[in-house]
Ligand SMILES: Cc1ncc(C[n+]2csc(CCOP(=O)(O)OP(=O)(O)O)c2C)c(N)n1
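Only one chain is given next, in C-alpha cells, and it is the form predicted alone.
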Amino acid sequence: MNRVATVEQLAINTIRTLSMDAVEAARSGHPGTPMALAPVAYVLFRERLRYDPERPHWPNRDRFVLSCGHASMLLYAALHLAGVKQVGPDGRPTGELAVPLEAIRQFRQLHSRCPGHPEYGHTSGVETTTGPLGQGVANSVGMAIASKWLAGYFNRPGFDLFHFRVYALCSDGDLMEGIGSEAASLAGHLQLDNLCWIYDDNRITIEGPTSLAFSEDVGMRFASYGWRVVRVPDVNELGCLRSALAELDRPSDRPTLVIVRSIIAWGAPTKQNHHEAHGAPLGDQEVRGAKAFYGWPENEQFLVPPEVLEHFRQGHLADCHQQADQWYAMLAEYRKAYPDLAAQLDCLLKGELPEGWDAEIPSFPADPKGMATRVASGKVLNQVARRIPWLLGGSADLGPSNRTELTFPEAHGDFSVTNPTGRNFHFGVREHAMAGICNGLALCGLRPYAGTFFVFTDYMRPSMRLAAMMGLPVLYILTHDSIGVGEDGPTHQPVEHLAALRAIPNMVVVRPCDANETAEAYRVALQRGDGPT
C-alpha cells in the first residue's frame, strides 16, 4: 500500500474512531452509521465539496446536508478534520475551530457545539437542522432550487456568481418518510441536475432488518421520478465511490441518486450489520475490537494523527480557498459593472429588505360588505413582491384559492428548468415537501412563502417547527381559516389548528380580521428576520 492510500485509510479510520469514542463518552448516540459511512465523508469533505473552511458562509459554496441527522458525529468529525472555522454573531469567522476536539469530547452535552443532532446556527458548517427523518432531503431540494434561481437572477456574462451544488446524505428512514418521496418527485420534475442524494443502503433499522417493512426497489422508484441512479456495491471501495460521485460532472437533466451499500458498525466484532449498533454505544470491548480491526491503538481515545490533519487540509481545500478568493474578487468587479444588482445581492445576503419595500402596501377603504382577507392578501403580496425581488413561493395546488400567484411581469412567471428566474412555484399536492423546500430556500437567503388551506398545516407542521427552531423567515399564507367553510364539512374546518401553531416557540401567528389588518400583517411578517410567520 502506497503512502497516499495509507494516509487515506488513516483519515477514514480517524472519522470512525472519533465517532465511536464520542458516543462512548456520552453514553448515548449513534455510532454505527458514522463507522460505515466514513469513506463517504472523507471523499466529500476532502475531495468533492467546494467550500472554504476559513469562510464557511461563502455564498457559492457547495451545500452538504446530513439528512440522517442521528449520524451527527460523521459531520462533526469531518468539520474538525477540515478545520472549518466558527462564525460569530456578526457573521465573521472568529478564528477558532467550529468543532474543536474538546467539543467532540463533549458530544451530546449541554452547550457543546456537537449536539446529538446537527443544529443550524449553532455550529458553523452545519447547513440545516436535521434529525426528524426526511426533513434534510427536502431542504436540499430547496437549496438546489435556490442555486438555480440565484444564478438566473444575478449571473451575468463573465460573472458566474452562483452555480453551487447540493449533496444530501440520507438513510432508509429518509426514503421511507413521505416527505422524502414528495421532495424527490418534485426534484425530478424540475430536473435539478445540481442535486445529489447519497443513499446509505445498509438494510438495517432500529427494529431489525429493513425487510421487516421496506422491500421496494429504491433505484427503480427514483428512475421513475426522473433521477439518474448510480450504484456503489461497497462503500469501502474508494475508486468506485469517486466514480459514482463523478457522474454529477457529466451533463444531465436529472438529479443524481448514488446508492451506496454499507455495513453498519463496520469492523465491530459482533455488532456490525446488527440493529443494536444503530442507536446505542457499542461498549468498551466492542470498541477495542473495532479499533484492532482498523489497526488502531486500542487504548487511545480521541486520537487524531497529525499527518491526517495535514492530509485533509491540503490540496483540494487549498484550491477551494483560492476559488473563494477569486469569487470575492469577481464580486468586487460585479459591483462596478452592475451596482444595482450588487446592492440587491448585499441586501439578500445580510437578510435585509430593500429600502422602501413597504411603500406600496395599500390602505383599503371601508367596505360594508367586507373584502375577503385572502383577496386582500393577494393584492398586498403582489405589491410587496414588486419591491422585494427575492420574495418568491407558491401553493400546494391551491394558488387560485390562496391568491398566492405573483401576476406582475417582473415576477417572470413560473419557475422551471427553462425559466429559472420564475418566482411562482407549483409545489403540487405536496404540503410537507413544500414546507421543507421553503426552509431550504430560506437557508440560502431567499424569502419564501408557502400557501395552502389552514387545515392542511397538519401536513406541514414538522417543517414549520424546524423553521421556527432555525429562526428562518418563512411566510405561510393560510386561507379558509375558520369553521365558516361549512359546506366542505368538518374535514376542512380548522378547529384546533390555531392553538397548535401558536404553541410552537418562535412561530408568530397573525389572524387578521379585515383587509387593512391583512396589510399590516404583511408589514409585521416581512420585517421578521429571525423566525417564521
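As the structure is a computational prediction, the values presented were derived from the model and not from experiment. Residues carry their position along the shown sequence, with the first being 1.
Beyond what is shown, the protein has a form predicted in complex with the ligand; the following relates to that form.
For the candidate set 286, 127, 182, 177, a heavy atom within 4.5 Å of the ligand in the predicted complex is found for exactly one residue, namely 177. Checked against the ligand in the predicted complex, the residues 385, 264, 282, 260 give one hit for a heavy atom within 4.5 Å, which is 264.
Remark: of stretches 201-209, 388-396, 322-330, 349-357, the one touching the ligand in the predicted complex is 201-209 (heavy atom within 4.5 Å). Contact with the ligand in the predicted complex holds for none of 142, 189 and 255, as no heavy atom of theirs lies within 4.5 Å. Although the partner is absent here, residue 70 is a contact residue: one of its heavy atoms lies within 4.5 angstroms of the ligand in the predicted complex. In the predicted complex, no heavy atom of residue 219 sits within 4.5 Å of the ligand. With a 4.5 Å cutoff on heavy atoms, residue 132 counts as touching the ligand in the predicted complex. In the predicted complex, at least one heavy atom of residue 172 sits within 4.5 Å of a heavy atom of the ligand.
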